[in-house]
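In structure tokens, the next block holds one chain alone, the form predicted on its own.
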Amino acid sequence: MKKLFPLVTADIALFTVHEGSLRVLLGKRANAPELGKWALPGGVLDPASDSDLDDTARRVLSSKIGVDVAFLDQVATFSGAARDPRGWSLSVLYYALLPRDQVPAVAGNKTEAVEWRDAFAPGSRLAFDHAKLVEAALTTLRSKVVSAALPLHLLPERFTLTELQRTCELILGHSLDKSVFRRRLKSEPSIVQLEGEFLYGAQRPAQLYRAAADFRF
């Protein structure tokens, strides 16, 4: 019988800051097609259990990677007859942000292993068209930060302004002027100063902050 509908999937570019660089999570595929190749976490829409593709994306992250994220949003839709050997397919690409202190990820169903790859150079021989998908998700993330959105979902619950600036720099790929960055944050409602709480180290104590309760990236 002729199939009336395409293969519908959700793929997720999960970003974090790890070992001083912006990383994206890839999993080694345990099943055909593209057995043994590295790919973004993804899964097929299950009409019986998923009310929408957002549900599919969160189910994939939970079952295959074992993580829950505070931020998940759609990037774009990719479709075509040649992008998947199983037939005409449609994939909705999401991007998600994981705090650096939650980096440890455990491979789950249908995933042999996971790796945090450099987001700017994840590898050109990824499964399907996932190199293109990573690039699209990274472009969306950078565009948000360029437009002054703060990537607080990549930071631990308490953070310093230096950590926040460094995270922005890792996403943008260039340094930011410290004085300009700090002036911008003086009237920023997304961050809350934690009175009397500091990070102590070799330098003078650094004031700690948290994201506002109503923060949205």
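Note that the structure is predicted; figures quoted are calculated from it, not measured. In case it trips you up, residue 1 is the first one in the sequence shown, and so on.
What follows is about the form predicted in complex with the DNA, which we do not show.
- Checked against the DNA in the predicted bound form, the residues Glu188, Asp52, Glu157, Asp177 give one hit for a heavy atom within 4.5 Å, which is Asp177.
- Taking the partner from elsewhere, every residue among Thr162, Arg183 and Gln203 has a non-hydrogen atom within 4.5 angstroms of the DNA in the predicted bound form.
- Put simply, Ser21 is far from the DNA in the predicted bound form: not one heavy atom of it is within 4.5 Å.
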